[in-house]
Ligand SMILES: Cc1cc2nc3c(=O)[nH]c(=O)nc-3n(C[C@H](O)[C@H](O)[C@H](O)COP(=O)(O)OP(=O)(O)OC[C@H]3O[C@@H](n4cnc5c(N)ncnc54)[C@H](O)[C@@H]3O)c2cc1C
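Shown next as structure tokens: one chain only, the form predicted alone.
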């Protein structure tokens, strides 16, 4: 099997890369070890970020969210629910934080409006009555699985081949250059460039070629209770911390998330201490959250990308919170002396399209064939219900 581009990973980023590359006319193959969106993409809390969460501490990520959420609303409306978002300041929160939050949102381009706390019970009857200040922002929710399948359908319509249920067991090198990969079933894929979009597993893929990805793995524990207890995405108006987001998604309300350093990307255990902390955090925002019934718990490991020469993992959860939620494209020819391999890591579901665009831009540079990106202009198919090759 031959390709211009082999994409490793079938989450939001990998599916986005495959779509972008195929739409630019590159022969594209995507390989995913499980089903599409079976990793971190399917396990995040579902928030479509307005950028407000990152405005104070991570303005670069905030501006990326502003731009990309607007594009995603235009090209993939079937994947989005326009819930809106509300940031609330509660007693005990830093009363000075809104004085930083408002100007930071406006500087990043986030549409923000202060609300009358007295009007919150009518707007959000399930919320605590102890709201000191409140701010409306254009957050929403995102159906990540539907998004990935729509991207995969778009990619195949442009000629890409999607292979699921097949792990990459090794990267093939020739004269110090990655020239393809071997799959677990013995299939060999020849490729001019391999894009490593394996998310939390990216470091393991890069290591097959003797390369390094400076991913700081962070585990987030989430809980969901039955019923939609809030109408909008509700966030605490403070610096990002554990248990500060409530997301109404489908028929449940999700509370997230923790931020704990881990070494194993497959460490998906929702430990009891973290679950109890999330339930207590839910009760602070919605009294009775923890007793709403049908509690479901899970964990997801996300890659936070630091400096290429920096430490591989944060030493503490608080340090992990300070790592940018932006992304990085790594050309391993420049950083490890191994050409033909490009890693895209970090970021978030809201900015997956931008991540893919920058990764494929790097592919085009490596191929010496500049081609324009069209993914910001062309709508995704409303349904992605295809049966991909296994």
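Keep in mind that this is a model prediction, so the values were computed, not measured. Numbering follows the first chain given and starts at 1.
Beyond what is shown, the protein has a form predicted in complex with the named molecule; the following relates to that form.
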Heavy atom of residue 49 within 4.5 Å of the named molecule in the predicted bound form: yes
Heavy atom of residue 350 within 4.5 Å of the named molecule in the predicted bound form: yes
The named molecule contact in the predicted bound form: residue 279, any heavy atom under 4.5 Å: no
Contact of residue 243 with the named molecule in the predicted bound form (heavy atom, 4.5 Å): no
Every residue of 55, 87 and 231 near the named molecule in the predicted bound form, heavy atom within 4.5 Å: no
Listed residue (198, 160, 285, 150) with a non-hydrogen atom within 4.5 angstroms of the named molecule in the predicted bound form: 198
Among the candidates 212, 166, 172, 123, the residue which, in the predicted bound form, approaches the named molecule to within 4.5 Å (heavy atoms): 166
Partner-facing stretch of 27 to 35, 331 to 339, 56 to 64, 359 to 367, counted where any non-hydrogen atom is within 4.5 angstroms of the named molecule in the predicted bound form: 27 to 35
Contacts with the named molecule in the predicted bound form, stretch 36 to 56 (heavy atom within 4.5 Å): 38, 39, 40, 41, 44, 45, 46, 47, 49
